[in-house]
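Single chain ahead, by itself, as structure tokens, in the form predicted on its own.
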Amino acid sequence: MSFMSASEVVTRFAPSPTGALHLGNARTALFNFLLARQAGGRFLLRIEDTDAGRSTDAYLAALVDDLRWLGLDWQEGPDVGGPASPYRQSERTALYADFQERLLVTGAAYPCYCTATELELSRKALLAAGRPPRYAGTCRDLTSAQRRDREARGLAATLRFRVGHGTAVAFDDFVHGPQRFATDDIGDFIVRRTDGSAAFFFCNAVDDALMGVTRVLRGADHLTNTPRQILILAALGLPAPEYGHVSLIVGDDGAPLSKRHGATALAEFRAAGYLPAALCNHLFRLGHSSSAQGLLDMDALARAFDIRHLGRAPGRFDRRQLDAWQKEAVHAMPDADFGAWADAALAMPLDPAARAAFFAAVRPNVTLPADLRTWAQVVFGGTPQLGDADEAVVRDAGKPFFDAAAAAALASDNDLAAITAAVREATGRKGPALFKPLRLALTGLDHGPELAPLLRAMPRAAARDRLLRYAR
């Protein structure tokens, strides 16, 4: 058994492997990682897989892979071990049973034989009377004989924690400030289910103490769990960590982030080609204010992280902001990394010279791999098709315009300065009247990367053919 050091900051991320890692949990993991890294402490990963029906090894493997991809590492966890092993709650059931027995022996907990039907009827009656729907205490003071009678009838028992009356649980939340919960509003709660499995309140609190966690930073939806966990730890004589509850993430409409806002799972953003640096920088600024500007690496994020700047208002996820960070991250990539990322996106063979010229031309306009594929089609694909309005602009430029442009492209190896000079001399056109028809004929678009480097990447015959079709 190990307890926390008085001086070391220890944080944790404790997900359940019951689905894909979503942005809210990814942000919680990032914040805990940064908090520990900033203080030179430890960050541990604990897997809360007591829900055997929904937890799978496949989800666990995907979760670990997502966290590693994001750039997080942990000093203790199911894949690296540590002094508080094991780090999967499904492997700690004997430990929980021992602590539950301690509660039972000391009278801090008692068996409850109420059936689900009885509990539901009691809940409805309390609600109808305008009272909080907490446990009515039916089994709280049963005699030994009454308990034996219920067991003889085959009634399965949960284990309930005995909450004192007329007192309060108070603590300082390092995000929301002082908190106070009346015990009369909490009611006796279950710490062990009828199947013998430990309830979330119980194993989560016990593990935090035994693993030496000093600061628990988690979602605001867990705020009301905290008084129950403080009561459990006090009854067991275990130390309680400091608690902080970070705001939830909402969509641009202010509603909790969900599938109707688009992608929410980290794996979906990975598949779309977002980079870890982009996601980390965006998540860092959701519910956390900072004066640090620009794209920050993990060390810089840790230095800039400050729990005093965690907001109480929900963090608003904005895809446009994420895209802005993504563009910065793409531009900041070393050339070799960008090349590997782009090659994976294109999955098409290019000779080294064409590859280098293409990357140089389009990189300023690339945010996601889909952009690379779009521009590869423009540069290396077939003849672009124009809409009626754009077709009219090109046709209006006339045959002399494109005769001169095609001849200059072939003679100069697609040099834009030579092409525009030839067109200007042949037609007198300049400015938009020169460049717009030229860009439309060559790319099919009236916007995009600078035309000069784009032309250098384009096969010479392709440029000539695209120009000549308007010289007929």
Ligand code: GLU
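In case it trips you up, residue 1 is the first one in the sequence shown, and so on. All figures in this text were calculated on a predicted structure; none of them were measured in a lab.
One more form of this protein exists, namely the form predicted in complex with this ligand; it is left out here, but the text below deals with it.
In short, of 197-205, 353-361, 127-135, 325-333 it is 197-205 that has heavy atoms within 4.5 Å of this ligand in the model of the complex. Judged against this ligand in the model of the complex with a 4.5 angstroms heavy atom cut-off, the residues S16, E48 and R218 are in contact without exception. Of the candidates R102, H222, R140, R88, H222 is the one whose heavy atoms come within 4.5 Å of this ligand in the model of the complex; the others do not.
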